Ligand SMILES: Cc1ncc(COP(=O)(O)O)c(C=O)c1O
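Listed next as structure tokens is one chain, alone, in the form predicted on its own.
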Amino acid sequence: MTSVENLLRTAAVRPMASGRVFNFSAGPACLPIEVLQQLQQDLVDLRGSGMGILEVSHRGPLFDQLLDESHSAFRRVAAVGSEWATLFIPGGATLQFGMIPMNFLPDGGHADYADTGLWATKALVDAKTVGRVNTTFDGKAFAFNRTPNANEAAPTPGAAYHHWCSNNTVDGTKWTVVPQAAAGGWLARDASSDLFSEPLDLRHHGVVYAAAQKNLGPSGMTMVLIRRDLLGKACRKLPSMLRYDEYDKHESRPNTPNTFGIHVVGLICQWIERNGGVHAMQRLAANRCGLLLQAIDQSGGFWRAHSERACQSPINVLFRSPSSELDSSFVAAAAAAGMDGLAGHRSTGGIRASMYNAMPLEGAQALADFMGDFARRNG
């Protein structure tokens, strides 16, 4: 019997009652089972219309109702007032890397960017194609294993905005302090992997955006919160599909939108509300993360965390064993035992457990137990 087979025979794995695997992928990520079951029905017959969600007109009264419900549910969970616009925009978060500077980085001006990991780096690189950018923090010097402290990432005078990525999925780090914006400027936050995993602090922000495929729904769509006073203030002429005010003016329908994705976001926001809201999501994230960190600490040095503990993301936990061969064996054995998507990003290697809102606590417990068993057998 191989070591993997022996591990599978003895490990205390708790499969989901539905027979589905525990999906630890960084995205597309697991979705709430009750939302998926509702979507099964809605794909065939949406609210007795005789048509599925993929078939209804984006200008018809039924979708008008769904769009309003999705906007309203998102706004309730975000706890935003009328001074904020909520937009459904295609293209994923990566499109926002270009849209923000194209709209708000003026010719002859500059913006600030904190580089805390892969996606923050990509946002910075795209912004440089538009105009002048100052790097307020360079995480490469620390192998991206921590985020800035209160005395770092200071804004530069006159910067139009300061861009930051609050949770870094690739490196498993989270900011412990909210950065500052220059006088007269504002913050732009990439919240793709932690939006609605905690209460949303909008102070000093002008734009908050999040790709849907982690906490909100399917890939290919982004939720954008933008202050209404910024709408219509694009610093240059742009095509309509690259202007925030066009999405607001047309209720996120400047063309045929991702009707399915919009519906899913609404259902997930309603699911968050039914399950205690963002405060409950925050507690659940802390408990899931705590189980894995405990397994790392109790492994006698077998497991090593990538991130500094003070900056540890509660959403993405990165760790590795004494060798890449053991890492690969663990990922394969875990997948065979019903825990999928644990391979680290190609730029970091190791193991990464991504645990978004829909991940049940039982998933984290099953993984922690599996980590303990593996360490005892291979340490």
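Throughout, we count residues from 1 along the sequence that is shown. Please read these numbers as outputs of a predicted model, since none were measured by experiment.
There is also a form predicted in complex with the named molecule; it is not shown, and the following applies to it.
**Q** I'd like to know whether T136 contacts the named molecule in the model of the complex, with contact meaning heavy atoms within 4.5 angstroms.
**A** Output for T136 is no: heavy atoms all beyond 4.5 Å of the named molecule.
**Q** So, W119 and the named molecule: in the model of the complex, are they within 4.5 Å at any heavy atom pair?
**A** Yes, W119 sits close enough to the named molecule in the model of the complex that at least one of its heavy atoms falls within 4.5 Å.
**Q** Does the named molecule get within 4.5 angstroms of any non-hydrogen atom of T169 in the model of the complex?
**A** So T169 counts as contacting the named molecule.
**Q** If we define contact as a non-hydrogen atom of the residue within 4.5 angstroms of the partner, is S192 a contact of the named molecule in the model of the complex?
**A** Yes, S192 is a contact residue.
**Q** So which of T86, S299, Q282, T94 gets a non-hydrogen atom within 4.5 Å of the named molecule in the model of the complex?
**A** Going through each option in turn, the one that passes is T94.
**Q** Looking at S197, S252, N103, Q213 here, can you tell me which has any non-hydrogen atom within 4.5 angstroms of the named molecule in the model of the complex?
**A** Exactly one listed residue reaches within 4.5 Å, namely Q213.
**Q** For the chain seen here without its partner, which of 94-102, 255-263, 282-290, 231-239 has a heavy atom within 4.5 Å of the named molecule in the model of the complex?
**A** Single hit among the candidates: 94-102.
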